[in-house]
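Below you will find one chain, with nothing else, as structure tokens; this is the form predicted on its own, and questions on how it binds or moves follow later.
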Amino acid sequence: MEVLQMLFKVLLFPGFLFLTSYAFAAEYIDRKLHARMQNRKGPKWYIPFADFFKLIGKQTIIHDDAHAGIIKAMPVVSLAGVATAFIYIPVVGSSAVFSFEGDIIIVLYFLSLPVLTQFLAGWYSRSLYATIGASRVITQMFAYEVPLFMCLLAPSLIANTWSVSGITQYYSEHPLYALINLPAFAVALITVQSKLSKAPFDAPEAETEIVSGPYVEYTGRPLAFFRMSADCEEVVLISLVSAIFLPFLSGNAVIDVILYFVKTLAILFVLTLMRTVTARLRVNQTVTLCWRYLVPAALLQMIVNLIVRGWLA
């Protein structure tokens, strides 16, 4: 019975089926909001699903110079990494499907895989545009990863736990302490936007310059799974930020699920607004922003949290 319950959680809710379904829904909401903010109608609700299944049915074309094994494997690795990270993030209440002390490090590790797969996919496509996109992806990663990790780990210093579920549980019991982490929350929103390569950090996929960046040589099923992985990564990231910085819980499972959607959609709205009102930054501008401003802000947050932790002790 316990095995069936665990399979249900991993495969259905709040596991892979829920993740992919919410990912398609989040893509639709993001595109619809972005369109309405620009006074456009936007897509129909079923377009993300239709795009995915249409790509699944398309022929996969791999030119002779590309590495076929890498091209086919990278989308699967990316999606697997994102899906695995999700099971360590609480959706219902403060308990994830799997949880242990230190699981936030595992989550951050798995969330690094999509970027690395994008780099390898672009590099081994043996295309000029894809290579440029791959180099921009990895360069931008070196810019945002440090402040992103620092701002996500800072709340754990007060909570005195390295578990995502533990952090959520602590701040749900001490909600006023969550206010101390507001600067880290702001840094998290900016770095998450950069990790997702959305405006103003969309230089790796600048369609007006290098078409589709590292995906320029991708077609058919591999492209479909890369797009699904990107949508799922967005859901995982906004769920992680929600769990750490917005730990509002009621104790009732149904209400907590509703709160989960409210919190994650609120974060999605902020990210959509950010990409609507900002212009694209060059890669060097992204690096400057992250290292000159975001890293010091995240470091200051960690120092403040260490002081608070010492005071509480």
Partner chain sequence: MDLIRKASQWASGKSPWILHFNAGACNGCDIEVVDCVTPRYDLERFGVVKQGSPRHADVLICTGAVTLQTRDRLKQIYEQMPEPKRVIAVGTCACTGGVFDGCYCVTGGIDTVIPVDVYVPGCAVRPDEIISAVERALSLKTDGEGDKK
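The structure displayed is predicted, hence computed values, not measured ones. Residue numbers count along the first chain shown, from 1.
Another form, the form predicted in complex with the partner chain, is not on view; read the next lines as being about it.
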{"item": "Contact flag, residue 211 vs the partner chain in the predicted bound form, heavy atom cut 4.5 Å", "value": "yes"}
{"item": "Non-hydrogen atom contact residue 218 with the partner chain in the predicted bound form at 4.5 angstroms", "value": "yes"}
{"item": "Non-hydrogen atom contact residue 198 with the partner chain in the predicted bound form at 4.5 angstroms", "value": "no"}
{"item": "Touches the partner chain in the predicted bound form: residue 207 (any heavy atom, 4.5 Å)", "value": "yes"}
{"item": "Location of the partner chain contact in the predicted bound form, chosen stretch of 190 to 198, 223 to 231, 80 to 88, 114 to 122 [non-hydrogen atom, 4.5 Å]", "value": "223 to 231"}
{"item": "Partner-contacting position among 265, 257, 61, 274 - heavy atom within 4.5 Å of the partner chain in the predicted bound form", "value": "61"}
{"item": "Contact residue in the predicted bound form, from 249, 26, 246, 55 (heavy atom within 4.5 Å of the partner chain)", "value": "55"}
{"item": "Neighbours of the partner chain in the predicted bound form among 37 to 61 [non-hydrogen atom within 4.5 angstroms]", "value": "38, 39, 40, 41, 42, 43, 44, 46, 47, 50, 51, 53, 54, 55, 56, 57, 58, 59, 61"}
